[in-house]
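The chain below stands alone and is given as structure tokens, in the form predicted alone.
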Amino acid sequence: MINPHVIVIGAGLGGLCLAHGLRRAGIDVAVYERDVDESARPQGHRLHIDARGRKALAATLPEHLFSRLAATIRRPAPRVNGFDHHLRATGVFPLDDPTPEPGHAEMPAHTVIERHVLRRILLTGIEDVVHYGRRCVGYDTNGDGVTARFDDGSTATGSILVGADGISSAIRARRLPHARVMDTRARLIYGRVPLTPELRRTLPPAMFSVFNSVLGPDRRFVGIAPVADTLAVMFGCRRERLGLPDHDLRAAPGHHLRDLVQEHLTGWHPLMTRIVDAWDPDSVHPVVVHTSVPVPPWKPSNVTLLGDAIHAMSPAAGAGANMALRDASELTSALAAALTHHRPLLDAIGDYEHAMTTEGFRMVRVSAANATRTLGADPIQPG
């Protein structure tokens, strides 16, 4: 069987993880990214890496990069704590911490890392296959080949095309035009707070865990998660409760969003208002919470999808990045096994898509249910 050339659209976490895995398996790969360089836009704050993400990274990264990653991550207590808006404990939810595979004990499950740090590690060693400033606008298939088209008029041709281009995927729009992404009407505002020695002493010890959920009246929500020398802090509620139309929300400067959130925290524990008041205004940004609507299985082709391009989910389960990494690892394994055992590539892609959608859409539903419970987000509306 001829070694395929795989075109990956999108240099996010899933696309880069896939590129590493394919290169490690000896499969030719090229990645095309719409941004002009790796720092062209903010990449978000902290990430929670669970056992699925750890397993995927261990399987795809070269050993020296995995070791670098393991040395970089933080190890908070493996639990999620619940509080009411007066910071009275409402529950503790321990997280499973399965024994890592032999040779990977240096990285436990349920670690946290800055997103931009993980992306920098994932870019290391594959800079030569990542092409920036290439926004994909569609593709054409021709026999056993597929050609990606870019907005500058250029093209790239290969034997397999993977859409890792996120929630607004141009590849999904062509491959599965019936697959919808819905607005849940939940809105989040993220910010970063310097974790000063004084704040570190003031925080309840329980809050030095993977995540802390603080629920207030009318399903207003604050999430707090330590990472490095900062706290990642988010506020969430339904769009109509926020009191700011979406176009104004996106345009508002960070200090205005901070003041808006403070208004919603009237009557909350003073520590909560103090934390939000310490938001770095330059780090504050809003997020419109979307979710994919699961679709029935489809016939495999040489065009497939991974991560948010097919199963975008609410952040309410902390699973989106881990599922994208898992997809990348599983697709790598499927293609490598097909080459080793001389199986048709379409059969391998079909096996991958079955497993990917089964687990991916399961987590879409779990995440959506969590968002409905905590934020009053709209449930998934099929059809």
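Throughout, we count residues from 1 along the sequence that is shown. Please read these numbers as outputs of a predicted model, since none were measured by experiment.
Although not depicted, the form predicted in complex with a small molecule is the subject of the following passage.
The small molecule in the model of the complex comes within 4.5 Å of a heavy atom belonging to L47.
Contact annotation for G307: at least one heavy atom lies within 4.5 Å of the small molecule in the model of the complex.
Proximity of V92 to the small molecule in the model of the complex: non-hydrogen atoms within 4.5 Å are absent; the residue sits far from the partner.
Contact check for I349: every heavy atom lies farther than 4.5 Å from the small molecule in the model of the complex. Looking at 83-91, 135-143, 274-282, 237-245, the stretch with residues near the small molecule in the model of the complex, meaning non-hydrogen atoms within 4.5 angstroms, turns out to be 135-143.
Note on the partner interface in the model of the complex: the residue among A228, A173, V181, V287 having a heavy atom within 4.5 angstroms of the small molecule is V287. Between the small molecule and the residues A319, L335, L61, V29, the one pair within 4.5 Å by heavy atoms in the model of the complex involves A319.
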